[in-house]
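Shown next as structure tokens: one chain only, the form predicted on its own.
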């Protein structure tokens, strides 16, 4: 959580943080400011001190909502720095940064970089800044031992916001299910009242509309893929494809609060009208693994141990896995889950490259999403829910929703 940041900075030998970019759709900035309409901002946090937020004059009220110390860019007028640098914009911006850092008491030491901005311009500015302030050095991390590590544990307020997003998400999923169930069929195709096929693009349009009406947005689109596309885990589906009966539809939806706030992540696999025997068997296998893994979740467990367990379970069922063949494109071909918050994918991760510090601690939010994929057989199955470790140290599903495979039609 945020109260860990100074200790994490100290452990990482970092003297200050610089976070750049907008106040929306910019996880590090949103995390430290609470979000808001900041077109462009800079945040400097010196270890052991309150962060300082630099902002434009038109956005002073939005900046004030952060509760941080705020300073307007008007205090650092670019026109003066442009005069000093004979109109060189890179040097002028570097000079302004030098004054901002000095005013924050940061003139030497290591500064960790965060945020979202145009890379080339910022690289040029910071490179010149190092010439002006040779006592500063800039660094980045992968994996991130400071902000991403702090964000791995959510407060009760953050948990409540994610749960609300879960309620919005599953509400929209329910509306999609009811819409599909209410359509007519011609042969094996779902059709609208005018007889035209119901398409993936049509369904996605309704998803985006219903999310917007509920106060959410869908910046990373939605996976709604049928048949062979359902057998490729991150295929978003072809908008022109009609919805046909008896084929698997992988519906993976991961919206966020408006403005790039907290995400939710959720997947169901459906068949319209009926499911063939081979699909029923594949679905039963995934559901069995989902039930086994979620029954074994424990507080303080290293998340990636459940990836090993998932491989064992799928292999026992006779399915290929990447543990056996890293190049396989069928069977179980991804990791079990990931953390969730201001990013749709964040710590803790469950893949084999994840660290032993990525544990299921109290306040951690994570997905469980086993799946099996056979594109050449025209099918794929994934079941995903978002879980967290509650205040009593127990694993708990954020929001419940039926796991039915078949959507009965009228």
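Residue numbers count along the first chain shown, from 1. Predicted model only: the values in this text are computed from it and were never measured.
Just so it is clear, the following notes concern the form predicted together with another copy of the chain, a form of the same protein that is not shown.
The contact residue chosen from 300, 86, 156, 142 relative to another copy of the chain in the predicted bound form is 142, the criterion being a non-hydrogen atom within 4.5 angstroms. Proximity to another copy of the chain in the predicted bound form, defined as a heavy atom within 4.5 Å, singles out one entry of 288, 236, 110, 185, which is 236. The closest non-hydrogen atom of residue 356 lies beyond 4.5 Å of another copy of the chain in the predicted bound form. Proximity of residue 117 to another copy of the chain in the predicted bound form falls within the 4.5 Å heavy atom cutoff.
Under a 4.5 angstroms non-hydrogen atom cutoff, another copy of the chain in the predicted bound form has residue 121 among its neighbouring residues. For the chain shown alone, residue 161 is not a contact residue for another copy of the chain in the predicted bound form, no non-hydrogen atom being within 4.5 angstroms. Screening 254-262, 276-284, 188-196, 165-173 for residues having heavy atoms within 4.5 Å of another copy of the chain in the predicted bound form returns a single hit, 254-262. The candidate spot formed by 34, 136 and 306 lies out of contact with another copy of the chain in the predicted bound form, as no residue has a heavy atom within 4.5 Å of it.
In sequence order, 20, 24, 25, 27, 37, 39 are the residues of 2-39 having a heavy atom within 4.5 Å of another copy of the chain in the predicted bound form; the partner itself is omitted from this view.
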